[in-house]
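Just the one chain here, the form predicted on its own, laid out as structure tokens.
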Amino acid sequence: MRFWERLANVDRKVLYLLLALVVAVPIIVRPKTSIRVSEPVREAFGAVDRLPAGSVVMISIDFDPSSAPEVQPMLVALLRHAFKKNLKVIVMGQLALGLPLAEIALDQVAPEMGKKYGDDYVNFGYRPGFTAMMVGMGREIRDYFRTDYRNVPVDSFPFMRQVHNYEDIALLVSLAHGGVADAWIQYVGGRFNQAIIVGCTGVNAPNLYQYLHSGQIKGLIGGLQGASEYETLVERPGSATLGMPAQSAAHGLIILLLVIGNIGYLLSRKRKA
């Protein structure tokens, strides 16, 4: 009995150290893992994959560095997929702190896929306005983005001369960590019948299944697991696939500690009785 009680009262510093080791070892060793692709992620992949070459995809960066470990791998995998399909990509965002993350991903993926700024993709950057801007772009994108983030006129980019509103955008992708994805679905999907897929943090994904099941979004990528599934589909394992063993090991350790703690608690209560 004392053995279980001692386990239940281990110093928390030991537990933090143990958790750090459990996370670090899989990242260093890099064990091979098998990723099973879920249907929501497969649907998101299919929505991009079915677009004909030259179609325009708008990716809204609706997350910031606090959610980057989960959502940034989605952005990288989506860009690889879109550029492989020769789609035209517009990047913009509802969170100013998220736009530098878009530049990091574009600087990484565009050169390796042989894509050129202005010909294959543009970055509008951030503009304030949130839902007013979402609705307003249904009439004319230039009402909010006359220039890109470098202050270059939008019409100086050849493919943008044909893009004016949602009728010219084949697919909208919201990569979000909060309620921004809900706004895109309600204000743009509902009003303009815009096809939308969403990538989000794991904690937000359950709130978005209602939109997936009702057909209001074409696919859903949830958390690090979802990002690793998309990386599997584009056949380019990245940081999400690398992080899955560490995440699984950490979850396993937490469950084990909860079981030990509860057993110790129940035995101590029985002893006192």
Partner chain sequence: MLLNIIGTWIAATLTLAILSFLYRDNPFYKVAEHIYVGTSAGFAVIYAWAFDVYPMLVDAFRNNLAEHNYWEAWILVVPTILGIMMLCRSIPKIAWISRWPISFTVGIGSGLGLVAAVQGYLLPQISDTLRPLITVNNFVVYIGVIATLFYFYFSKEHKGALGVLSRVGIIFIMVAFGASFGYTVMARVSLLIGRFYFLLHDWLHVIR
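None of these values were measured; they are calculated from a predicted model. Positions refer to the first chain, counted from 1.
We do not show the form predicted in complex with the partner chain, though everything after this point is about it.
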Contact residue in the predicted bound form, chosen from P153, P111, P100, G179 - any heavy atom within 4.5 Å of the partner chain:
P100
L233, L51, A205, I35: which sits within 4.5 Å of the partner chain in the predicted bound form by any heavy atom?
A205
Even though the partner chain is not shown here, does S60 get within 4.5 Å of it in the predicted bound form, heavy atoms only?
no
Classify Y265 as contacting or not contacting the partner chain in the predicted bound form by the rule of any non-hydrogen atom within 4.5 angstroms, answering yes or no.
no
Close approach of L19 to the partner chain in the predicted bound form, 4.5 Å, heavy atom:
yes
Would P69 count as a contact of the partner chain in the predicted bound form, using a 4.5 angstroms cut-off between non-hydrogen atoms?
yes
Only one of these stretches, 79 to 87, 197 to 205, 161 to 169, 113 to 121, has heavy atoms within 4.5 Å of the partner chain in the predicted bound form; which one is it?
197 to 205
Taking the partner chain in the predicted bound form, which residues along 208 to 244 bring a heavy atom to within 4.5 Å of it?
Y209, Q210, Y211, H213, S214, Q216, G222, G223, L224, Q225, S239, L242, G243
